[in-house]
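Just the one chain here, the form predicted alone, laid out as structure tokens.
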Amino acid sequence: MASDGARKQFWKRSTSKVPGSIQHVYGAQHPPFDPLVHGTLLKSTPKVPTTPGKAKRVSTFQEFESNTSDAWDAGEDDDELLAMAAQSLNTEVVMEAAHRVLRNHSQRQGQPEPQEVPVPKPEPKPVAEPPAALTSDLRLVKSVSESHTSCAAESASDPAPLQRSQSLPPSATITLGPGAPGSSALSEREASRLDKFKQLLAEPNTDLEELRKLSWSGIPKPVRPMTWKLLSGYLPANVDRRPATLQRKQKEYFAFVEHYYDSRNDEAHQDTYRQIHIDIPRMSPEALILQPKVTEIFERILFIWAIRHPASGYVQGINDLVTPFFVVFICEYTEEDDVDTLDVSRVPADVLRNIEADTYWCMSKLLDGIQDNYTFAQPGIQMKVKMLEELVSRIDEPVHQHLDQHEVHYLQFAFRWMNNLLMRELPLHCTIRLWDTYQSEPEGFSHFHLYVCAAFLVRWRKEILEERDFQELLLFLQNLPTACWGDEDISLLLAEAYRLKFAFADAPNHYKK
């Protein structure tokens, strides 16, 4: 009973130390203790007079407090500082202790030591009272959420918060802007990726599997021409065999031109050549395609391919597949970043001949994997559109039902997606980034493209569900607003397509309900 009475007396006279009362906490979200800012904490607690005849007994709570190390304790430096601050010290001693704590924090975090603030001359006033100019900085003890909700006008009118960084460790200061670490880190990352590509391509035998993994998330522009030639199967992995292979294939292509191209005016091939001649000016980018030399190159490439592949011949849509290869290969010899300003007449004639041959062979490799898209009745496209419809019905039933309710058939908008590989739906630079991944994926142009189209359709689900008319729906789906898309949009699209492929590719029964 006596011990219970002592406890009651302790709690009664020590109400200021009752657990749960508001205390300043220092840890992950709060800066270390600074006597200049938290000057009110320097006030010494008045001692309770004790009876001379009775020996002072340490309470159980005080023993517990002295033997407990909280998770937010900063370390021995703060304990030492608090002990020193409890005594009547002058300002010089307090500032020296505070800078010692900051130096220790800087050393722990590997940051340069902050510059010392000149110690003000001591004034004949009690140490317990904080300097008047720093009283407003007591707001530093606010939590992060409180500081974000503070009024912007208040912070603009009060310059005191600008001095808060003096009491924070150097690592707590974040710089944003063009010279921020984030932008430099991004350029360093791109430089590192470029070095990996160059090392991989310079090896005696390039590891094509490793090259595919590295290329999936995009290929840097300087190494894209060579990487595309390797991934498409046009050039061998052995670096010593590449020059001879290039020379042999280029010679072979121009032998085809010499043998077949003069027959373009023959009655048997006249219709094919006429259709090619009509389709090329409709291609984009017009500023590049309408240049006479480019038009001649595209006509030769498409006519030779049609003559050498009589099972399909020339079909509208194949002409679009020439552009990405031609642009990628010609940019290796020019400094123009904008294709619309590219002047092909400045490129040497022998270089243009090599680019033409490389474009023909790489396009042929691509079409070898999707040739059923262009044979009679185009069964490959018919099958892929049907698979797209079944896939969308599984992954987003409201969109599928909305299209069905308004009698919008997938063939009416998705046929072009399959026929042109989304080239008419995306800017050219986005198509090139998309093809980086297609070249890296097994059967990227034939199989993975299906999941890209599904992700592409679901990407517009909000706009689709808002349309309540057949005509408006079809016009929207045939003119999707992608003019401002960039590589980030394509990366998100590819990530969603990969997720769909992972869920459905190895489980074909999932297509059906």
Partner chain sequence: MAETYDFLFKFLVIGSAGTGKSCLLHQFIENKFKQDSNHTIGVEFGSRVVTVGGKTVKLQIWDTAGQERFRSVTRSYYRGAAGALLVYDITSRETYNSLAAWLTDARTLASPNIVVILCGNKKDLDPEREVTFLEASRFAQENELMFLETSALTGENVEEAFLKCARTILNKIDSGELDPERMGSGIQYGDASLRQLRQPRSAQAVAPQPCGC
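These numbers come from a predicted model, not from an experiment. Positions refer to the first chain, counted from 1.
Keep in mind that the form predicted together with its partner chain is missing from the display, and what follows is about it.
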Q: Look up in the predicted complex whether E488 has a non-hydrogen atom within 4.5 angstroms of its partner chain, and give yes or no.
A: no
Q: Using a 4.5 Å heavy atom cut-off, state whether E286 contacts its partner chain in the predicted complex.
A: yes
Q.
With a cut-off of 4.5 Å between heavy atoms, is I395 one of the residues that contacts its partner chain in the predicted complex?
A. yes
**Q.** E441, heavy atom within 4.5 angstroms of its partner chain in the predicted complex
**A.** no
Q. Would its partner chain be touched by all three of V315, N419 and V458 in the predicted complex, meaning a heavy atom each within 4.5 Å?
A. yes
Q: Scan T375, N205, T245, T295 and let me know which has any heavy atom within 4.5 Å of its partner chain in the predicted complex.
A: T375
Q: Tell me, out of T334, Q382, Q291, Q401, which residue has a non-hydrogen atom within 4.5 angstroms of its partner chain in the predicted complex.
A: Q382
Q.
Can you tell me which of 269-277, 432-440, 342-350, 205-213 lies within 4.5 Å of its partner chain in the predicted complex, counting heavy atoms only?
A. 269-277
Q) Who in 411-447 is close to its partner chain in the predicted complex, meaning a heavy atom within 4.5 Å? A) L411, Q412, F415, R416, N419, N420, R424
